[in-house]
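Let's start with one chain on its own, the form predicted alone, as C-alpha coordinates.
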(Lines give C-alpha, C1' and ligand atoms only; values in the text may rest on other atoms or scores of the structure.)
Protein backbone atom coordinates (compact mmCIF):
# COMPACT_ATOMS: atom_id res chain seq x y z
CA UNK A 1 0.00 0.00 0.00
CA UNK A 2 1.31 3.43 -0.91
CA UNK A 3 2.25 5.76 1.94
CA UNK A 4 2.11 8.93 -0.13
CA UNK A 5 -0.30 8.21 -3.02
CA UNK A 6 -0.48 11.88 -4.04
CA UNK A 7 3.25 12.62 -3.95
CA UNK A 8 4.93 10.65 -6.75
CA UNK A 9 8.41 9.36 -6.08
CA UNK A 10 8.38 8.80 -2.32
CA UNK A 11 6.93 5.31 -2.52
CA UNK A 12 9.42 4.37 -5.25
CA UNK A 13 12.22 5.40 -2.88
CA UNK A 14 10.65 3.32 -0.10
CA UNK A 15 10.39 0.27 -2.38
CA UNK A 16 14.04 0.50 -3.47
CA UNK A 17 13.70 2.38 -6.78
CA UNK A 18 15.65 5.37 -5.53
CA UNK A 19 16.73 6.73 -8.91
CA UNK A 20 13.27 6.52 -10.44
CA UNK A 21 11.73 7.97 -7.30
CA UNK A 22 14.07 10.96 -7.30
CA UNK A 23 13.31 11.63 -10.98
CA UNK A 24 9.54 11.48 -10.39
CA UNK A 25 9.78 13.67 -7.31
CA UNK A 26 12.07 16.13 -9.09
CA UNK A 27 9.58 16.46 -11.97
CA UNK A 28 6.44 16.57 -9.84
CA UNK A 29 7.60 19.04 -7.18
CA UNK A 30 8.20 22.05 -9.52
CA UNK A 31 4.91 21.45 -11.33
CA UNK A 32 2.99 21.19 -8.07
CA UNK A 33 4.73 24.32 -6.76
CA UNK A 34 3.77 26.21 -9.92
CA UNK A 35 0.16 25.05 -9.56
CA UNK A 36 0.01 26.21 -5.92
CA UNK A 37 1.74 29.51 -6.72
CA UNK A 38 -0.66 30.30 -9.57
CA UNK A 39 -3.76 28.63 -8.10
CA UNK A 40 -5.73 31.87 -8.24
CA UNK A 41 -4.91 32.56 -11.87
CA UNK A 42 -5.65 28.94 -12.83
CA UNK A 43 -9.05 29.05 -11.13
CA UNK A 44 -9.93 32.41 -12.68
CA UNK A 45 -8.91 31.11 -16.12
CA UNK A 46 -11.09 28.03 -15.79
CA UNK A 47 -14.10 30.06 -14.61
CA UNK A 48 -13.59 32.75 -17.28
CA UNK A 49 -13.32 30.14 -20.03
CA UNK A 50 -16.40 28.31 -18.76
CA UNK A 51 -18.36 31.58 -18.87
CA UNK A 52 -17.21 32.14 -22.43
CA UNK A 53 -18.19 28.63 -23.48
CA UNK A 54 -21.65 28.97 -21.94
CA UNK A 55 -22.30 32.05 -24.06
CA UNK A 56 -21.81 34.90 -21.64
CA UNK A 57 -20.53 38.17 -23.11
CA UNK A 58 -17.08 38.42 -21.54
CA UNK A 59 -13.83 39.82 -22.87
CA UNK A 60 -11.80 36.83 -24.07
CA UNK A 61 -8.48 37.55 -25.74
CA UNK A 62 -5.66 35.38 -27.02
CA UNK A 63 -3.94 35.89 -23.68
CA UNK A 64 -6.91 34.31 -21.86
CA UNK A 65 -6.81 31.31 -24.19
CA UNK A 66 -3.06 30.99 -23.72
CA UNK A 67 -3.38 30.91 -19.94
CA UNK A 68 -6.25 28.40 -20.13
CA UNK A 69 -4.25 26.02 -22.33
CA UNK A 70 -1.21 26.27 -20.03
CA UNK A 71 -3.35 25.70 -16.92
CA UNK A 72 -5.09 22.70 -18.48
CA UNK A 73 -1.76 21.18 -19.53
CA UNK A 74 -0.38 21.68 -16.02
CA UNK A 75 -3.35 19.96 -14.36
CA UNK A 76 -3.22 17.09 -16.87
CA UNK A 77 0.49 16.55 -16.25
CA UNK A 78 0.00 16.54 -12.48
CA UNK A 79 -2.83 14.01 -12.75
CA UNK A 80 -0.80 11.85 -15.15
CA UNK A 81 2.21 11.87 -12.80
CA UNK A 82 0.05 10.77 -9.85
CA UNK A 83 -1.65 8.05 -11.89
CA UNK A 84 1.63 6.75 -13.32
CA UNK A 85 3.23 6.69 -9.88
CA UNK A 86 0.27 4.73 -8.46
CA UNK A 87 0.34 2.14 -11.27
CA UNK A 88 4.12 1.84 -11.17
CA UNK A 89 4.20 1.33 -7.40
CA UNK A 90 1.55 -1.39 -7.62
CA UNK A 91 3.58 -3.26 -10.22
CA UNK A 92 6.76 -2.76 -8.22
CA UNK A 93 5.14 -4.08 -5.04
CA UNK A 94 3.85 -7.19 -6.85
CA UNK A 95 7.24 -7.97 -8.39
CA UNK A 96 9.30 -7.25 -5.26
CA UNK A 97 9.64 -10.95 -4.44
CA UNK A 98 10.83 -11.94 -7.89
CA UNK A 99 14.28 -11.50 -9.39
CA UNK A 100 14.38 -8.66 -11.87
CA UNK A 101 15.41 -9.69 -15.36
CA UNK A 102 16.90 -7.02 -17.57
CA UNK A 103 15.74 -6.93 -21.16
CA UNK A 104 18.45 -7.48 -23.75
CA UNK A 105 16.69 -5.83 -26.68
CA UNK A 106 18.38 -3.13 -28.76
CA UNK A 107 16.41 -0.24 -27.28
CA UNK A 108 16.66 -1.58 -23.72
CA UNK A 109 20.45 -1.84 -23.99
CA UNK A 110 20.61 1.62 -25.58
CA UNK A 111 18.49 3.07 -22.75
CA UNK A 112 20.80 1.61 -20.11
CA UNK A 113 23.82 3.02 -21.91
CA UNK A 114 22.14 6.40 -22.24
CA UNK A 115 21.34 6.58 -18.52
CA UNK A 116 25.00 5.99 -17.68
CA UNK A 117 26.05 9.05 -19.71
CA UNK A 118 25.76 12.03 -17.37
CA UNK A 119 26.25 14.61 -20.12
CA UNK A 120 23.47 13.03 -22.18
CA UNK A 121 21.05 12.95 -19.25
CA UNK A 122 21.98 16.56 -18.48
CA UNK A 123 21.14 17.54 -22.06
CA UNK A 124 17.83 15.68 -21.88
CA UNK A 125 16.99 17.38 -18.57
CA UNK A 126 17.75 20.81 -20.07
CA UNK A 127 15.47 20.17 -23.03
CA UNK A 128 12.63 18.83 -20.88
CA UNK A 129 12.88 21.94 -18.70
CA UNK A 130 12.87 24.22 -21.77
CA UNK A 131 9.80 22.58 -23.27
CA UNK A 132 7.96 22.76 -19.94
CA UNK A 133 8.86 26.45 -19.67
CA UNK A 134 7.55 27.01 -23.21
CA UNK A 135 4.24 25.35 -22.30
CA UNK A 136 3.76 27.03 -18.93
CA UNK A 137 5.28 30.46 -19.63
CA UNK A 138 1.87 32.25 -19.34
CA UNK A 139 1.71 31.01 -15.74
CA UNK A 140 5.36 31.76 -14.91
CA UNK A 141 5.21 35.43 -15.89
CA UNK A 142 2.32 37.81 -15.32
CA UNK A 143 3.12 40.07 -18.30
CA UNK A 144 1.90 39.79 -21.87
CA UNK A 145 5.02 39.66 -24.11
CA UNK A 146 3.47 42.01 -26.70
CA UNK A 147 1.86 44.49 -24.31
CA UNK A 148 3.52 47.90 -24.17
CA UNK A 149 3.68 49.85 -20.94
CA UNK A 150 4.12 53.58 -20.46
CA UNK A 151 6.60 54.61 -23.16
CA UNK A 152 8.16 57.26 -20.92
CA UNK A 153 8.02 55.91 -17.38
CA UNK A 154 8.52 52.19 -18.13
CA UNK A 155 10.99 52.33 -20.99
CA UNK A 156 14.41 50.61 -20.61
CA UNK A 157 13.96 49.82 -16.95
CA UNK A 158 16.73 47.97 -15.16
CA UNK A 159 16.18 44.47 -13.71
CA UNK A 160 14.01 44.49 -10.59
CA UNK A 161 11.51 42.31 -8.76
CA UNK A 162 8.72 43.59 -11.01
CA UNK A 163 10.71 43.09 -14.23
CA UNK A 164 13.39 40.45 -13.71
CA UNK A 165 15.25 41.41 -16.90
CA UNK A 166 14.00 44.96 -17.24
CA UNK A 167 12.01 46.37 -20.14
CA UNK A 168 12.95 47.10 -23.75
CA UNK A 169 12.63 50.32 -25.73
CA UNK A 170 8.92 49.65 -26.25
CA UNK A 171 8.35 49.14 -22.49
CA UNK A 172 7.74 45.39 -22.90
CA UNK A 173 8.87 42.96 -20.22
CA UNK A 174 12.06 41.26 -21.48
CA UNK A 175 11.75 38.20 -19.21
CA UNK A 176 8.26 37.49 -20.53
CA UNK A 177 9.42 37.91 -24.12
CA UNK A 178 12.32 35.48 -23.64
CA UNK A 179 10.05 32.84 -22.10
CA UNK A 180 7.47 33.19 -24.86
CA UNK A 181 10.24 33.35 -27.46
CA UNK A 182 11.25 29.82 -26.49
CA UNK A 183 8.00 28.63 -28.06
CA UNK A 184 8.95 30.00 -31.45
CA UNK A 185 12.54 28.76 -31.42
CA UNK A 186 11.68 25.28 -30.15
CA UNK A 187 8.72 24.97 -32.52
CA UNK A 188 10.79 26.01 -35.54
CA UNK A 189 13.60 23.65 -34.60
CA UNK A 190 11.32 20.67 -34.05
CA UNK A 191 9.01 21.04 -37.07
CA UNK A 192 11.65 22.20 -39.57
CA UNK A 193 13.90 19.27 -38.68
CA UNK A 194 10.89 16.94 -38.91
CA UNK A 195 10.25 18.13 -42.47
CA UNK A 196 13.90 17.87 -43.53
CA UNK A 197 14.37 14.43 -41.93
CA UNK A 198 11.22 13.07 -43.58
CA UNK A 199 12.14 14.32 -47.04
CA UNK A 200 15.80 13.35 -46.72
CA UNK A 201 14.99 9.87 -45.42
CA UNK A 202 12.56 9.00 -48.22
CA UNK A 203 14.76 10.60 -50.89
CA UNK A 204 17.95 8.87 -49.73
CA UNK A 205 16.19 5.52 -49.30
CA UNK A 206 14.83 5.61 -52.86
CA UNK A 207 18.20 6.62 -54.28
CA UNK A 208 20.09 3.96 -52.34
CA UNK A 209 17.63 1.15 -53.06
CA UNK A 210 17.20 1.57 -56.81
CA UNK A 211 20.79 2.62 -57.55
CA UNK A 212 22.18 2.88 -61.07
CA UNK A 213 20.85 5.75 -63.20
CA UNK A 214 18.09 6.65 -60.72
CA UNK A 215 20.67 7.07 -57.98
CA UNK A 216 22.89 9.13 -60.27
CA UNK A 217 20.11 11.54 -61.24
CA UNK A 218 18.82 11.95 -57.69
CA UNK A 219 22.24 12.50 -56.16
CA UNK A 220 23.29 15.01 -58.84
CA UNK A 221 20.25 17.06 -57.82
CA UNK A 222 21.40 16.81 -54.20
CA UNK A 223 24.87 18.01 -55.22
CA UNK A 224 23.29 20.95 -57.06
CA UNK A 225 21.25 21.90 -54.00
CA UNK A 226 24.30 21.64 -51.75
CA UNK A 227 26.17 24.07 -53.99
CA UNK A 228 23.87 26.89 -52.84
CA UNK A 229 24.69 28.43 -49.43
CA UNK A 230 21.76 27.45 -47.22
CA UNK A 231 21.44 30.78 -45.41
CA UNK A 232 21.60 32.79 -48.64
CA UNK A 233 19.04 30.50 -50.28
CA UNK A 234 16.64 30.85 -47.33
CA UNK A 235 17.10 34.64 -47.21
CA UNK A 236 16.32 34.87 -50.94
CA UNK A 237 13.15 32.76 -50.66
CA UNK A 238 11.88 34.61 -47.59
CA UNK A 239 12.72 38.05 -49.03
CA UNK A 240 10.77 37.55 -52.26
CA UNK A 241 7.70 36.09 -50.52
CA UNK A 242 4.83 38.37 -49.54
CA UNK A 243 4.38 36.71 -46.14
CA UNK A 244 6.91 36.10 -43.38
CA UNK A 245 4.80 33.98 -41.07
CA UNK A 246 6.24 31.40 -38.72
CA UNK A 247 4.86 28.60 -40.90
CA UNK A 248 6.64 29.94 -43.95
CA UNK A 249 9.92 30.05 -42.02
CA UNK A 250 9.43 26.45 -40.90
CA UNK A 251 8.60 25.26 -44.42
CA UNK A 252 11.51 27.10 -46.05
CA UNK A 253 14.08 25.84 -43.53
CA UNK A 254 12.72 22.30 -43.77
CA UNK A 255 12.67 22.27 -47.58
CA UNK A 256 16.23 23.57 -47.88
CA UNK A 257 17.95 21.44 -45.22
CA UNK A 258 17.27 17.82 -46.22
CA UNK A 259 20.21 17.17 -48.54
CA UNK A 260 22.69 16.07 -45.88
CA UNK A 261 20.14 13.63 -44.45
CA UNK A 262 19.52 12.20 -47.93
CA UNK A 263 23.23 11.46 -48.41
CA UNK A 264 23.48 9.89 -44.95
CA UNK A 265 20.45 7.63 -45.51
CA UNK A 266 21.64 6.65 -48.99
CA UNK A 267 24.96 5.49 -47.56
CA UNK A 268 23.21 3.42 -44.88
CA UNK A 269 20.87 1.84 -47.42
CA UNK A 270 23.75 0.89 -49.71
CA UNK A 271 25.44 -0.80 -46.75
CA UNK A 272 22.30 -2.64 -45.59
CA UNK A 273 21.58 -3.93 -49.11
CA UNK A 274 24.68 -6.13 -48.90
CA UNK A 275 23.56 -7.91 -45.72
CA UNK A 276 21.98 -11.36 -45.64
CA UNK A 277 18.59 -10.35 -44.20
CA UNK A 278 17.93 -8.05 -47.15
CA UNK A 279 19.00 -10.61 -49.72
CA UNK A 280 16.77 -13.23 -48.07
CA UNK A 281 13.76 -10.88 -48.06
CA UNK A 282 14.23 -10.04 -51.72
CA UNK A 283 14.63 -13.73 -52.59
CA UNK A 284 11.29 -14.42 -50.91
CA UNK A 285 9.61 -11.99 -53.31
CA UNK A 286 9.16 -8.88 -51.16
CA UNK A 287 8.30 -5.76 -53.17
CA UNK A 288 10.25 -2.51 -53.29
CA UNK A 289 7.93 -0.70 -50.88
CA UNK A 290 8.13 -3.48 -48.30
CA UNK A 291 11.90 -3.83 -48.65
CA UNK A 292 12.46 -0.10 -48.14
CA UNK A 293 9.99 0.67 -45.35
CA UNK A 294 9.86 -2.68 -43.51
CA UNK A 295 13.44 -3.90 -43.77
CA UNK A 296 15.91 -1.16 -44.74
CA UNK A 297 14.68 2.01 -43.02
CA UNK A 298 13.98 0.44 -39.59
CA UNK A 299 17.58 -0.80 -39.53
CA UNK A 300 18.86 2.65 -40.54
CA UNK A 301 17.02 4.56 -37.82
CA UNK A 302 20.02 4.90 -35.50
CA UNK A 303 21.98 7.45 -37.59
CA UNK A 304 18.73 9.17 -38.59
CA UNK A 305 17.72 9.75 -34.95
CA UNK A 306 21.17 11.05 -34.06
CA UNK A 307 21.27 13.34 -37.12
CA UNK A 308 17.80 14.71 -36.30
CA UNK A 309 18.78 15.51 -32.72
CA UNK A 310 21.99 17.27 -33.73
CA UNK A 311 20.26 19.24 -36.48
CA UNK A 312 17.68 20.83 -34.18
CA UNK A 313 20.36 22.97 -32.53
CA UNK A 314 21.69 24.26 -35.85
CA UNK A 315 18.13 24.94 -37.04
CA UNK A 316 17.42 27.05 -33.95
CA UNK A 317 20.59 29.04 -34.66
CA UNK A 318 19.46 29.48 -38.28
CA UNK A 319 16.05 30.78 -37.21
CA UNK A 320 17.68 33.17 -34.74
CA UNK A 321 19.96 34.45 -37.52
CA UNK A 322 16.98 35.08 -39.81
CA UNK A 323 15.08 36.88 -37.05
CA UNK A 324 18.12 39.01 -36.25
CA UNK A 325 18.35 40.00 -39.93
CA UNK A 326 14.66 40.96 -39.91
CA UNK A 327 13.61 38.09 -42.19
CA UNK A 328 12.37 35.66 -39.56
CA UNK A 329 9.48 35.92 -37.14
CA UNK A 330 8.08 39.43 -37.35
CA UNK A 331 7.42 41.71 -34.35
CA UNK A 332 5.60 41.93 -32.05
CA UNK A 333 5.77 38.12 -31.86
CA UNK A 334 8.81 37.40 -29.68
CA UNK A 335 11.67 35.12 -30.69
CA UNK A 336 15.19 34.99 -29.37
CA UNK A 337 16.59 36.34 -32.63
CA UNK A 338 14.40 39.44 -32.85
CA UNK A 339 14.89 40.11 -29.11
CA UNK A 340 18.63 40.43 -29.79
CA UNK A 341 17.85 42.57 -32.84
CA UNK A 342 15.56 44.90 -30.85
CA UNK A 343 18.20 45.40 -28.15
CA UNK A 344 21.26 45.86 -30.37
CA UNK A 345 21.09 49.65 -30.03
CA UNK A 346 21.38 49.35 -26.25
CA UNK A 347 23.96 46.57 -26.16
CA UNK A 348 26.44 48.58 -24.05
CA UNK A 349 23.97 50.25 -21.67
CA UNK A 350 21.34 47.48 -21.24
CA UNK A 351 23.69 44.58 -21.92
CA UNK A 352 21.63 42.07 -19.92
CA UNK A 353 18.89 42.03 -22.57
CA UNK A 354 20.85 40.60 -25.54
CA UNK A 355 22.96 38.53 -23.14
CA UNK A 356 19.91 36.76 -21.69
CA UNK A 357 18.52 35.94 -25.16
CA UNK A 358 21.95 34.77 -26.30
CA UNK A 359 22.29 32.55 -23.24
CA UNK A 360 18.88 31.03 -23.95
CA UNK A 361 19.99 30.11 -27.48
CA UNK A 362 23.31 28.75 -26.20
CA UNK A 363 21.70 26.60 -23.50
CA UNK A 364 19.20 25.14 -25.97
CA UNK A 365 21.82 24.32 -28.61
CA UNK A 366 24.16 22.80 -26.01
CA UNK A 367 21.28 20.70 -24.64
CA UNK A 368 20.49 19.29 -28.08
CA UNK A 369 24.16 18.63 -28.84
CA UNK A 370 24.64 16.79 -25.55
CA UNK A 371 21.52 14.74 -26.22
CA UNK A 372 22.67 13.95 -29.76
CA UNK A 373 26.12 12.86 -28.61
CA UNK A 374 24.56 10.68 -25.91
CA UNK A 375 22.19 9.03 -28.38
CA UNK A 376 25.07 8.36 -30.76
CA UNK A 377 27.11 6.70 -28.02
CA UNK A 378 24.12 4.67 -26.82
CA UNK A 379 22.78 3.54 -30.19
CA UNK A 380 26.08 2.82 -31.95
CA UNK A 381 27.53 -0.52 -30.76
CA UNK A 382 31.01 0.61 -31.83
CA UNK A 383 30.88 3.49 -29.35
CA UNK A 384 29.94 1.34 -26.35
CA UNK A 385 32.57 0.28 -23.90
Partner chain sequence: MRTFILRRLLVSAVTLFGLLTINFFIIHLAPGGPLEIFDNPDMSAEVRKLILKSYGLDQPLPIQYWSYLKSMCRLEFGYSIAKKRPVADEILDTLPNTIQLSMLALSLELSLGIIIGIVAAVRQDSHLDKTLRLSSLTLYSIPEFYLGLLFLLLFAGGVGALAWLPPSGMVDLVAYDSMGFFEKLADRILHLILPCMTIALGGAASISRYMRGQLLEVIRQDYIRTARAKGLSERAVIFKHGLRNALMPIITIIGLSLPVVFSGTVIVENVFGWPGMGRVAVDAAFQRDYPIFLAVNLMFGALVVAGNLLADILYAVVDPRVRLS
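Small disclaimer: the values here were computed from a predicted structure and weren't measured. Positions refer to the first chain, counted from 1.
There is another form of this protein, the form predicted together with the partner chain, and it is not shown here; the text below is about that form.
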Listed residue that, although the partner chain is not shown, lies within 4.5 Å of it in the model of the complex (heavy atoms), from 153, 158, 220, 294: 220
Contact assignment for the partner chain in the model of the complex, among 92, 270, 301, 237, heavy atom within 4.5 Å: 237
Segment assignment from 353 to 361, 30 to 38, 49 to 57, 62 to 70: heavy atom within 4.5 Å of the partner chain in the model of the complex: 353 to 361
In the model of the complex, residue 163 touching the partner chain (heavy atom, 4.5 Å): no
Proximity of residue 287 to the partner chain in the model of the complex, heavy atoms at 4.5 Å: no
Heavy atom of residue 332 within 4.5 Å of the partner chain in the model of the complex: no
Distance check, residue 373 to the partner chain in the model of the complex, heavy atom within 4.5 Å: yes
Contact check for 225, 317 and 327 against the partner chain in the model of the complex, heavy atom at 4.5 Å: yes
